[in-house]
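Read the single chain below, which is given as structure tokens and is the form predicted alone.
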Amino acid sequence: MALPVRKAVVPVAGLGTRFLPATKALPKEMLTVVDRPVVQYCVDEAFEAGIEHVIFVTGRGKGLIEDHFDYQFELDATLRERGKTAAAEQLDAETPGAGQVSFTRQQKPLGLGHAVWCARDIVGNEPFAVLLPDMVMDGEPGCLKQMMDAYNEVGGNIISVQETTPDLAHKYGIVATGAEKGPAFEITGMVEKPEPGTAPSNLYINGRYILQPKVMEILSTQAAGAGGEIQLTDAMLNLMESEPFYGVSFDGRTFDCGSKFGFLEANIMLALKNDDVRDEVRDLLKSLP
């Protein structure tokens, strides 16, 4: 029987250079999609999936993220004094409880694999999830919950994938697939940003992982790879040699909020699902030439 996945690592140390000057002082993860910051979406997704403890790997200038997930007495008191009890209670409900979040630093930008490794002592010797906050997921249930359901059947290591078109495959990490196993399928290989026409499939890794603790041991000695950084993909390829690896096709939509278009797309599409602004946004879109 697979050990339960109780912890999730959320790397938030990136600089967000593609959104300058907006991210000069504001962490990119705090950019707002409709009415909540990007990072809130993946934390909500993690808790929906049954995660008990979220570990943020931060960097310089990321203090606002810690403040966002903290209880703010002054704000709560002010809202209640002004009769905005519903808003106060909503914030209370969305604030993690004591001991549910931790923060650790990645002092140097040495890659995603290094960022995950920075959480090793808090993760401990147990399986864990990794959620990249740039990727905002829209699905019911959420992406990680779909993965957890598959993990509870097949165990091992699991990554979430989605289809892309051949002309875009060179932008992503692409997987090679094997036999189906229940709600999942075997992953037999991974290629980071393959040359056009060489991708082993049309399935790209969309930023959600469930990994066994051995990956931390691999990352501790992992050499720098593409871009001179310690790549999580390289460590997973190493792990694949000794442990089962599966893929789950996410039944939903992924918005890459690390790109300007993906960020704008997420705002439009999720606004169309928001009761407060749905009608106005729909009317605006209809009015466009």
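Computed from a predicted model, the values in this text were never measured in an experiment. Quick note: we count residues from 1 along the sequence shown, nothing fancier.
In what follows, reference is made to the form predicted together with a small molecule, a form of this protein that is not presented.
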Inset, instruction - Report the residue, out of Leu168, Leu91, Leu110, Ile122, that has at least one non-hydrogen atom within 4.5 angstroms of the small molecule in the predicted complex. - result: Leu110
Legend entry - Partner contact for Val12 in the predicted complex: the small molecule, 4.5 angstroms, heavy atom: yes
Inset, instruction - Report whether the minimum heavy atom distance between Pro133 and the small molecule in the predicted complex is within 4.5 Å. - result: yes
Legend entry - Heavy atom of Glu45 within 4.5 Å of the small molecule in the predicted complex: no
Inset, instruction - Indicate whether Lys273 is a 4.5 Å heavy atom neighbour of the small molecule in the predicted complex. - result: no
Inset, instruction - Kindly confirm or deny that Cys143, Asn152 and Arg208 each have some heavy atom within 4.5 angstroms of the small molecule in the predicted complex. - result: no
Legend entry - Interface stretch in the predicted complex with the small molecule - options 210-218, 82-90, 157-165, 111-119, non-hydrogen atom within 4.5 Å: 111-119
